[in-house]
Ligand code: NDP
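Have a look below at one chain only, the form predicted on its own, in structure tokens format.
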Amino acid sequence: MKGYAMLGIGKTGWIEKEKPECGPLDAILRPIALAPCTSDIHTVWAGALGERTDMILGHEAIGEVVEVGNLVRDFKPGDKVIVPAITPDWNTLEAQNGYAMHSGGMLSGWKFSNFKDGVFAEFFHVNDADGNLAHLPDGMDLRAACMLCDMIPTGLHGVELADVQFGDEVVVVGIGPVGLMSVAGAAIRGASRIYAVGTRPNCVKLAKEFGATDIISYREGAIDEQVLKLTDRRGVDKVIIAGGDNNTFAEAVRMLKPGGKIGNVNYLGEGESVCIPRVEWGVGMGHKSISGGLMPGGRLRMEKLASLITTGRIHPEKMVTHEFHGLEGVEQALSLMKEKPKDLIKPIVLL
């Protein structure tokens, strides 16, 4: 089969590989919709995961089942399914402890284009099919459905990690597709004021549509100073980090009230450490909590999040700005994610 792969750090290209084999609990799929992710860019061009050779890229796919193992109960060839980016092993101790995304070790639920070939191929493998696949709801727009693989669950996990409650004032740092879903999630959770940090006009427009009450531009000065000024130096209850870099944590701590919480879902692809300002962290005793987490995977979560689309609670299809057709379109779509033209939010490839 053909796949688009990381050949080495800083190098990508098309390769030929054997079609993956199906285990008794697994499934083999062919993609019907794909999307590249900024994580792919970090993996290839920043070498964030270390060297990978001839590893097929991609972890966002809607697929059609072509083969299932003899122990798979709920899926059959021909089924259209949502494939989460994170596919845990559900019989592990980590899963039983509530952290399935780390099944087998830290971040080990993230298998596609990390520990095994990803989805940018004519066929791809999914472990533990009954636990990880979700049936695609009839009539769901493939553009919206593809956002269920990663953008929606990651953005909403930021809201969960920050523990947004009714009436909270919330800052969302970064309003790419993940941050936009964090804005939407904070609004659903009942945030009273949502400060969205970003500058791209199309992202700003969608952030407002999804529930942002204020827009903050990092080009106009330090984010924390702008937020503190807008809140009469009180700060905010919660901060969701969906963009920025290692230094963003310092700004988040400075703009947070005592007892506030930071939820990070930003992939830190470079650097050795993050900086936490000692005094603004209450010299270690300010009850300012920081949680960073890989989004949960699994069938139940996919089904629940899909219902937010079918009931009209969120409209992720509005984030798709570029559309390509055929597997060959993956190369162009990934190049767009690397180049980040001003009109880009999220590209998609339909097969």
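Remember, it's a predicted structure, so these values are computed and weren't measured experimentally. Just count from 1 along the sequence shown to find any residue number.
As for the form predicted together with the named molecule, it is not shown, yet the points below apply to it.
- When contacts are defined as a non-hydrogen atom within 4.5 Å, none of Ala27, Thr87 and Gly298 contacts the named molecule in the predicted bound form.
- Shown alone, this chain has one stretch from 232-240, 216-224, 88-96, 75-83 that lies within 4.5 Å of the named molecule in the predicted bound form by heavy atoms: 216-224.
- Only one of the listed residues (Gly263, Gly260, Pro177, Gly185) places a non-hydrogen atom within 4.5 angstroms of the named molecule in the predicted bound form, and that residue is Pro177.
- Proximity to the named molecule in the predicted bound form, defined as a heavy atom within 4.5 Å, holds among Asp150, Asp117, Glu169, Asp128 only for Asp150.
- The named molecule is not shown here, and in the predicted bound form it never comes within 4.5 Å of any heavy atom of Ala306.
- None of the heavy atoms of Gly211 is located within 4.5 Å of the named molecule in the predicted bound form.
- Using a 4.5 Å cutoff between non-hydrogen atoms, Asp163 does not count as a contact of the named molecule in the predicted bound form.
- In the predicted bound form, at least one heavy atom of Thr38 sits within 4.5 Å of the named molecule.
- In the predicted bound form, the residues of 283-305 lying within 4.5 Å of the named molecule by at least one heavy atom are, in order, Gly293, Leu294, Met295.
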